[in-house]
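In the block that follows, a single chain appears as structure tokens, in the form predicted alone.
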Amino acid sequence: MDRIWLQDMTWQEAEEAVSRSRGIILLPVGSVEQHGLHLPLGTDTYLAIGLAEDAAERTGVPVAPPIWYGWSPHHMAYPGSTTIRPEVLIELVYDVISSLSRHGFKSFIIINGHRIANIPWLQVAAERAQRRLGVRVYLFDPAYMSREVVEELGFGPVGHADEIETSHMLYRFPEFVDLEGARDYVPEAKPLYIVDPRGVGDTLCYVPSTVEDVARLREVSGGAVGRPTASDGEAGRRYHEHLVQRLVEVIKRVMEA
């Protein structure tokens, strides 16, 4: 089978990939930040990589090297967490798209593993790229693209290092999961504040918690928010397959456009 990762190709293979994929390429973007006591710092990026890789294998489209870092100022109370400024993330994503567009890639599907924290900056980069470069950019986010299946799987509201992310990791990257370290923490609901994309009630817009607020979770849950102890690998498999299927559908629609 042809290589799917751009970094594994020669320049000639990359040139062939442009033609083979009809100018479509996937770009995983995540973060490096604490994910409780049971998941690795790279969880968000690993999950974006897993989705991109599996969809690429089914469609033949290439995958650009992942962007590991995201906007994570609220997690800086935990060692290893790394944040980049929004303007840096915007410029980095734009420059990657700009570079690849010069070689013939014209449709970019960004797979965001860092949930709502990365989305505004990815939207800015995508709009700028479309306006200046004449390309098309699509933003694929698991939380938004799984609204039809999460309740069926028994998952609770979106949190952090929760049963959704942990179940997904149990299926796709089980070697990085230590469920013995999982600790639950379900905070009281805040009036007029819903961060889950499934929410239908009136809500203020999302603003990340302060570093001080996140630091207080160290003793409570090790940084997790949600019910990671309720995680299940089979539910993670169904969740992953739903997302891969949706991503394949997006790729096919772009190919037919």
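Quick note: we count residues from 1 along the sequence shown, nothing fancier. Everything numeric here is computed off the predicted structure, so don't read it as measured data.
Missing here is the form predicted in complex with a further copy of the same chain; even so, the following discussion is about that form.
- Listed residues Gly36, Gly30, Gly226, Pro62 were compared with a further copy of the same chain in the predicted bound form; Gly36 is the one with a heavy atom within 4.5 Å.
- Taking the partner from the other structure, a further copy of the same chain in the predicted bound form has a heavy atom within 4.5 Å of a heavy atom of Ala14.
- Although the partner is absent here, Glu249 is a contact residue: one of its heavy atoms lies within 4.5 angstroms of a further copy of the same chain in the predicted bound form.
- For the chain shown alone, Thr10 is a contact residue for a further copy of the same chain in the predicted bound form, at least one non-hydrogen atom being within 4.5 angstroms.
- Using a 4.5 angstroms threshold between heavy atoms, Val124 counts as touching a further copy of the same chain in the predicted bound form.
- In the predicted bound form, a further copy of the same chain lies within 4.5 angstroms of at least one heavy atom of each of the following residues of 67 to 82: Ile67, Trp68, Tyr69, Trp71, Pro73, Met76, Tyr78, Pro79, Gly80, Ser81, Thr82, in sequence order.
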